[in-house]
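One chain comes next, on its own, written as structure tokens: the form predicted alone.
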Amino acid sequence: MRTKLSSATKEVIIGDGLPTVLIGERINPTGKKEMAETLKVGNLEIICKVALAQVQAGADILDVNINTFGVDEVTMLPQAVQAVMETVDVPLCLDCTNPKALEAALKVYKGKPLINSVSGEEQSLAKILPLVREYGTAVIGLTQDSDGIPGDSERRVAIAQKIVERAEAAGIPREDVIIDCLSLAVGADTRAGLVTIDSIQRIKAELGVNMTLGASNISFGLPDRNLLNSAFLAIIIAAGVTCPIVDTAKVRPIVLAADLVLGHDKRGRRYTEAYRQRQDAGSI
């Protein structure tokens, strides 16, 4: 299964056996007061700086989320997408559930982006899948529906199956559907990680699709979050996640190490080159 995304000048291929593709998560005003305030006045300078820093840290794709109180997404999302495209050359993941804002951004996008996201809710499927089909994008499918995020893997697998079936019925190829099994905090439920891992393994085996995950959700409310996120990230890559959504600067060495162990890095070139770069930068 190969999912191909592109910017105006660069193509990224996501697939089993290939190096893990990193989706940078930092363009998101949630919990970032300065970014949120500048977005409200139409200033995109911080977003562009964050975009450049993430790509320099090794992000292959950038998630672009501008959703915050006081921001008109229909107006601002296409502006943000345009600004980021002018700053970096990687494909973008348009993180928005507003169909009008998504379409406005898709009209200015150059290449094939990823839409984040559609869920198993009927309203979401009805509004988002037509845009995916019309503009020829790929889409992230969340394993949640009107009842929320299921607490068991059986229901998450069923929702993933529903999303894939509805996408294919709409003329969207399976390779353009990337499933997100969703992770919940192990601080609230110590079995939350196991349910997510089991869901990933089952969906990979039954549907064969590419998989993503916001890995940092696992550690909410706990100390030393980066340690826990890193351990979880290595496990989910082994389970079948091919393009996690991460803070690239913090976790890229862990991903490269996992890729090497799993045979995704021929002759260990990516791992050793990254090590030399960190040596030269004085970070190790």
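Being a predicted model, the structure only gives us computed values, none of them experimental. Sequential numbering from 1, following the sequence displayed.
Quick note: we don't show the form predicted together with a small molecule, though the next part is all about it.
No residue of the trio Ser7, Gln82 and Glu103 has any heavy atom within 4.5 Å of the small molecule in the predicted bound form. In plain terms, the part of the chain that comes close to the small molecule in the predicted bound form, with a heavy atom within 4.5 Å, is 136 to 144 out of 83 to 91, 136 to 144, 187 to 195, 153 to 161.
The shortest heavy atom separation between Ile245 and the small molecule in the predicted bound form is within 4.5 Å. Although the partner is absent here, Lys32 sits close enough that one of its heavy atoms falls within 4.5 Å of the small molecule in the predicted bound form. When contacts are judged by a 4.5 Å heavy atom cut-off, Ser216 counts as touching the small molecule in the predicted bound form. Among residues of the shown chain, Asp95 is one whose heavy atoms approach the small molecule to within 4.5 Å in the predicted bound form.
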